[in-house]
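Taking the form predicted alone, here's one chain by itself in structure tokens.
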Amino acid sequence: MPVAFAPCLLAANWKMNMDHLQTLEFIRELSLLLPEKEAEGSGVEMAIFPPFTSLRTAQVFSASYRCPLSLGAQDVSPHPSGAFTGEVSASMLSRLGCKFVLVGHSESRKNHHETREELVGKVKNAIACRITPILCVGEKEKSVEGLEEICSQAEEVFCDLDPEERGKVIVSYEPVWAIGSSVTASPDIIRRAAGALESDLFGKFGASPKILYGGSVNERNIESLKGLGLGGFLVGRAGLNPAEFASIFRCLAGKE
């Protein structure tokens, strides 16, 4: 059965930023900007994806400050346990309260040379530990072949999942050419990419995953993006600033 999500997911990938003290300060500030009662019933779920070293701090202090945050990890091992130095298992992340984990982010695909088997292993191990994998897909260059590229990236993982597992995956469209830049994909490009993914994954696997968009999302362009009918957004730099993150939340929640 598909996992039940809030209508909209606002997730912040912190990448290799924010040590545990900065994480504590972020949560303290966000709790003042967005009291728990304001987030309740908003239809928007907020999640942060800190570095591994800040996960425990985020877990403890989001509860202490009653800050309405879900927790995610930036990566996970394709192995459940064993002699894999430097890797972190899904069961370890689960014990830290992680609800989500990124899989196949373009930076990980490039820097770690991830294989299809590794991506599938990460997704399956996350699901086995009741963590929702967010599978990232994105074309390297803006071109007419881009839709085929992103569908192929999703297919290579979905083809090795069983029907129940497919219903527990979120897909995030993140054009590589937009990540970390000041360039955001146009609403038309995002709409066509989301439509292609939905059509392809339903047609071939009967899957209807929540689709996110990530790539230079910020408080200046969120108004133009929120009407695209997406399942949410994966923000980068804007998610490091509690005031901007709160502003994006309020826009999505219809509070601004």
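Computed from a prediction, not measured in an experiment: that's the story for all the values here. The numbering used is simple: start at 1 and walk along the sequence shown.
Below, we refer to the form predicted together with 2-phosphoglycolic acid (PGA), which is not included among the displayed structures.
Colleague: Taking the pose of 2-phosphoglycolic acid (PGA) in the model of the complex and superposing the surrounding C-alphas, is this site open or blocked by backbone or C-beta atoms within 2.4 Å of 3 or more ligand atoms?
Modeller: In the model of the complex, 2-phosphoglycolic acid (PGA) occupies a site that, on this form, remains open once the ligand is superposed onto it.
Colleague: Though only this chain appears here, would Pro80 touch 2-phosphoglycolic acid (PGA) in the model of the complex if you measure heavy atom gaps against 4.5 Å?
Modeller: The answer is no: Pro80 has no heavy atom within 4.5 Å of 2-phosphoglycolic acid (PGA).
Colleague: Would you classify Pro242 as touching 2-phosphoglycolic acid (PGA) in the model of the complex, given a 4.5 Å non-hydrogen atom cut-off?
Modeller: Result no; Pro242 lies far from 2-phosphoglycolic acid (PGA) in the model of the complex.
Colleague: Does 2-phosphoglycolic acid (PGA) come within 4.5 Å of any heavy atom of Leu9 in the model of the complex?
Modeller: Contact check for Leu9: no, nothing within 4.5 Å of 2-phosphoglycolic acid (PGA) in the model of the complex.
Colleague: Closest heavy atom of Ile179 to 2-phosphoglycolic acid (PGA) in the model of the complex, within 4.5 Å or not?
Modeller: Residue-level check for Ile179: yes, a contact with 2-phosphoglycolic acid (PGA).
Colleague: With 2-phosphoglycolic acid (PGA) left out of view, which of Ser42, Ser70, Ser31, Ser216 would have a heavy atom within 4.5 Å of it in the model of the complex?
Modeller: Of the candidates Ser42, Ser70, Ser31, Ser216, Ser216 is the one lying within 4.5 Å of 2-phosphoglycolic acid (PGA) in the model of the complex.
Colleague: Would you mind picking out the stretch of 186-194, 227-235, 33-41, 59-67 that comes within 4.5 angstroms of 2-phosphoglycolic acid (PGA) in the model of the complex, counting non-hydrogen atoms?
Modeller: Among the candidates, contact is made by 227-235.
Colleague: Going by 2-phosphoglycolic acid (PGA) in the model of the complex, which residues of 8-45 come within 4.5 Å of it through any heavy atom?
Modeller: Contacts from 8-45: Asn13, Lys15.
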